[in-house]
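Okay, here we've got a single chain as structure tokens, the form predicted alone, with questions on binding and movement later.
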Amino acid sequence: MVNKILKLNGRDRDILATSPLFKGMSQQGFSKVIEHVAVSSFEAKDLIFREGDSPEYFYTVLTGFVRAYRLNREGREADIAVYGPGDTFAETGIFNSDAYGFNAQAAEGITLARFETESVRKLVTESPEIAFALMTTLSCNLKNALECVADDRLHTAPQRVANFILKHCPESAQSARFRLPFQKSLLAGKLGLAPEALSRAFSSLKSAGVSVHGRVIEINDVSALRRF
């Protein structure tokens, strides 16, 4: 449920302008698209939309994180993606207006830029630049989805967690320390793991010098983790 509809402020415009959707777009193209945007806020656990709903809007995250997931008939959930600031999602409705293909939920208190699908679809027919920007975003999201599938097939649970941690380590660092950007439960879903499997994976990585303190991850030997 949307709690508030807000006005687009300067900070929001800056986030949008540097997002993958808009960063290669001209000022004219950017201005045309944001004529059809509203800023929406949601509380943690609020549903943004359900699978099967008509795709009236697509979104870019301004603050917080969004969890995308699907449900089976028994109510079992399978996470598909986690979207953070600057990420655009549900843009497939521009080209395929059948229905949303997943559920989207606020993982925490969030603000989103909400675009009217039909209005932007009309812009796509008029502007090759806007069409290309949306297709680029679709391509990036497809690439990320394929990488997630490959990661699930090719790596064990500890290796998936290790790869995630290494992405947050400077390449030349011998040791590193960072705070998870979201809850461990969200990380588990993002990596295709049950929460208990994530805990076991973290325990397995102790031998590679990884220690976990709440949401803070410490890596004593980055090279050892790369060899894991």
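Numbering starts at 1 and runs along the sequence shown. For clarity, every value in this text was computed on a predicted model and none was experimentally measured.
There is another form of this protein, the form predicted in complex with the DNA, and it is not shown here; the text below is about that form.
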Exercise. Looking at 123, 157, 148, 82, which has any heavy atom no more than 4.5 Å from the DNA in the model of the complex?
Worked result: 157
For this session: May I ask you to choose, among 51, 35, 196, 43, the residue with a heavy atom within 4.5 Å of the DNA in the model of the complex?
Result: 196
Exercise. Any chance 183, 192 and 200 all have a heavy atom within 4.5 Å of the DNA in the model of the complex?
Worked result: yes
Exercise. Which of these stretches, 63-71, 169-177, 183-191, 24-32, has heavy atoms within 4.5 Å of the DNA in the model of the complex?
Worked result: 183-191
